[in-house]
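In what follows, one protein chain appears twice in different forms, each by itself as C-alpha cells: structure 1 and structure 2.
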Structure 1
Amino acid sequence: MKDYEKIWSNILDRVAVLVSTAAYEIYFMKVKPVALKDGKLILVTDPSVRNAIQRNFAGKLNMAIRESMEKIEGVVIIVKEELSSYVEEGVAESKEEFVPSIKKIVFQKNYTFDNFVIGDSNKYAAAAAKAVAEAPGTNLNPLFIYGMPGLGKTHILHAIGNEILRNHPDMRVYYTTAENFTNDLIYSIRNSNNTELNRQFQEKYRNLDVLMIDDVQFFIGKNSSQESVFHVFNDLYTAEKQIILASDRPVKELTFLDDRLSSRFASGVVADIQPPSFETRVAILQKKAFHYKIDISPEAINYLAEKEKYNIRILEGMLQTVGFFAQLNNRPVDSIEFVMEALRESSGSKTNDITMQKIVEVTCAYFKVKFQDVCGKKKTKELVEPRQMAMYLITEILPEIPLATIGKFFSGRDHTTVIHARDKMQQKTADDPIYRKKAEDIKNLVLNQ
C-alpha cells in the first residue's frame, strides 16, 4: 500500500465513526487518494461527490483527519480533469474501480477500560461492561447503560468494543448511534427498489455478534425506526447475540421499546451512571492531564474539579483550554489565578458588566417572547427554546455563576434543570449549524451591547 493510500485508509476509519453508513457509502467510498503533495493529501472524485462532501461533511472530515493523527496539512479534493496538474504523469492512472465495502468499525483508541476512572458513581456500569466484554451474548443481555450527557456512556461502549476485538478479533462488533441507524434505514427504504441495498441493510445488522446503539433516546417519537429496531433486536436476541444500548433517558421514558421488547429488557441489565464525586473528578482530571501532557498543580486540579460537578466532557474541555493557554504562555498550570485567567480569556474577556438579567433580556428580544414568561413557570412550547438557550448562554458567558443560582433566577428551578438545558443546547449547537448560528448571534448581541 502506498503512503497516501495508508493515510486515507486511516482517515476513512475515523470518518466511518463520524458519518452515517449511507453517507459513508455514497460519498466517502467514491473518493480515491492519488498523491501527497506539499504535505496535502490529494483526493479525486466526481464533481457531485466533491460538492456534497465540501458542503455537508467538511467539519467531520477535518475532525477525522485530526483524530487519525496523520501528519498532513489537509486534503485537496479534485475531479478527474484536474488530475494532471496534481499528479505526475504515469503515477495515478490505475484504472481499477474503487469497490465499495461495508463500513468498518474502528473504536476510539483511547476509550479503553484502562483509561476509564472508576468511582462509586460508575462502578456498577463499568463492571457490567467488563463482564459483557469478557463473554458477549451470555447472561448480561441486553445491557442498557443510562446516564446524563458527559458521564462516559460512549467511552464505555467503545471500551467494550476495543476489549472484545482485542480478545476476539474475528467477532463482528458494530457500533452506531440511533441517529445513524435511522439514516441508514431511511436510505435503504428510499432505495427499496435496490434489492442489493436492502439485503445489505438486513444482513449488516442481523449477522452481527455484538450490536451497540448509542443515544437511543433519539428513537423517541420516530415511529418508522421502531418497528425495524424491534425486528433487528429480536433476531439478534433470539440468536443469543449481545445487544448494548446507551441512553440519556431512563428506560421507562423509552416508549419505543414496546411491551414485547420491554419484557426482554427486564431479563437484561440496566446500569446507570451517576455524576462523579469530587475524588473521581480529581482522578479523571489527573489522568487526562497526563494523557494530554499538561503540567498542572494539584490545587489547580482541585479548583477545576470544584467548578464543574456533573459533566466530564465539560471538565475535560476546561482542562484542555487551560492546557492550551499554558502552552501558549510556555509555563505550567501552577496556580488558581492562572486557571481563572485562562478560562476568562477563553470565554471572551469583557464580561464585567454582563449579568444574567441582560443575557435573558437579549435572548427574549431575539426570540420575541416576554422576559417574565421565560423566567416564569409556564411550560408552553414556544418558551422552551428561549429558556433553554438563555440558561445555556448564562453558563457559557458567565461560567462562574453556580448552576443552582441560575435555576433560582428562573422561578426557583432546580439546578438539574439548568444542567439539562445546558447539555441539550450544547449538543444541539454541536450538531446543528442553524442552532449554532442562533447561539452565536445572541452571544454576540450580549457581548456587544
Structure 2
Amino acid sequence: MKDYEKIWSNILDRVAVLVSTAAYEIYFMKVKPVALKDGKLILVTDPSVRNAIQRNFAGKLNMAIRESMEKIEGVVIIVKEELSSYVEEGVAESKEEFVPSIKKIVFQKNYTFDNFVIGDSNKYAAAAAKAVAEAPGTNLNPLFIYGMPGLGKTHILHAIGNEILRNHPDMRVYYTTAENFTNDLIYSIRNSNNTELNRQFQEKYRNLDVLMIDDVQFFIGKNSSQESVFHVFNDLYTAEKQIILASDRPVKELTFLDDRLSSRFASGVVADIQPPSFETRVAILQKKAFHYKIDISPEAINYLAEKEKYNIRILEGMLQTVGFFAQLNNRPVDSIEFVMEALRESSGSKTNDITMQKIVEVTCAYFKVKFQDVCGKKKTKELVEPRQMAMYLITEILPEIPLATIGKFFSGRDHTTVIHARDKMQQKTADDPIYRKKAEDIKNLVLNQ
C-alpha cells in the first residue's frame, strides 16, 4: 500500500464515525487517493461527489484529518479531468497499476484469522475461509461470501491471503475489486491495438494460483466485464486454481448478472455473514480495546455494543473515537456518560434520523406524486418510477433494513418486488445519466434535509 493510500485509509477510519453510514457509503467510498503533493493529499472522484462533500461534509472531513493525526496540511478533491494538473505523469501511473505485479500484493497485516472474532453470525464463513486457506484449489472452489457492508468480508479475504502466503510464499495470490477489474479491462479495450498490454491483462488474471474478487455486485450491468471474468473464471477453475468472491448480497439477488456467471459463482460453497449478535459485538470491542490499549469499562463496552448493531467497521470507529477522547482527557473510559460525551463531541450532536418514510416522502416530493399512492396498491404508469426509485434508495441508504421489511412498508409487497425494483434502478442509473442524476439529487435531499 502506497503512503497516500495508507493516509487516506486512516482518515476514512475517522470519517466512518463522524458521518452517517449512508453518507460514508454514498460519498466517501467513491473517493480515491492518487498522490501526496506539497503536503496535501490529492483525492479524485466524480463532480457530484466532490460537490456534496465540499458543501456538506467539509467540517467533518477536516475533523477526521485532525483525529487521524496524519501529518498532512489538508486534502484537495479533484475530478478525473483535472488529474494531470495535480499528478505528474498520471497516465504513466495508470499503466503501472495495469502491469501484472502479483508478488507485490500486500495483504493488510492486521487482517488475520487470529484477529477475526467468530460468533454464530459468521462461523460458517470463517470455517470455509480457513479450509480454503489450508488447501486452496481443492474441494471448496469457488468460495462465495456475502453479507452487508461492514461485517468483515474484506477482513476474511485478507486473512485468507495472509494465511496462504504464510504457508505457501511462492503462490501467486491476487486480491482485487470488481471495479478495479473493470478498470483494467476498459484500459485494455482502449488500447486494443497494443498486443503487449493485452498480453499483460491475460497474465494478470489467468496466471494465478488464487484470485479474490471483492464487491462482485459491481459487475451488474457491465456486460464486457462479465464476459471477461467468465473466461478468467473458467480458465482458473479448469486449472484447479482457487477462486474467492465476495458480495453485499447473495447470488440469487444478483439478477442482472449473466446466468452463466451467476451459476458459476454459486457452483461451489456459498457462505453468508449476518450482523453479529450482542455477545459477538462485545467480544469484538473487547479484542479491539486490548489491541488499541483503550482502558474501557464493561458497561461502556455494553453501551457501544447496543448502539451499533449492524456495521462492525462503524463499531470499531466508535471505539477509537472514545479512546482518542479518553486520551485527550487523560482518563479511562469508565462510564456510559463519558462514552456519550465523546460521541457527542465527535459528531457535533447531529443525529441520524433517516427513515424509510423520510426517503419515500422526499422521493414523492421530487416526482410530485402522493405518498399514499406510491406506498399504496395502485399500479399506474406515473407511480412505477417513483416507487422503484424509493425502494432502490432505501436499499442504498439503509442497507441494514431487510428486503421483506421494505416490501411490507409498500402495502405488503413481496421482497422479490423490492429486488426487482432495486436491480432495475441500478441498471438504469448505470446506463442512463438522467436517471443517475435523479438518484443523486434525491439522495442529497434525503441526507441533507
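Numbering for residues begins at 1 and runs along the sequence of structure 1. Throughout, rigid core stands for the largest set of C-alpha atoms superposing within 1.5 Å between the two forms. On a predicted model such as this, the values are computed, not experimentally measured, just so you know.
- Note that the form predicted in complex with ligand ADP is the one shown as structure 1, not structure 2.
- After superposition on the rigid core, displacement of the C-alpha of Val360 between structure 1 and structure 2 amounts to 2 Å or more.
- When two forms of a protein are overlaid on their rigid core, residues whose CA moves 2 Å or more are considered shifted, and Ile336 is not one of them between structure 1 and structure 2.
- Residue displacement note: Ala159 has its CA displaced by under 2 Å between structure 1 and structure 2 (rigid core superposed).
- Superposed on the rigid core, the forms differ at Lys30: its CA is offset by 24.6 Å between structure 1 and structure 2.
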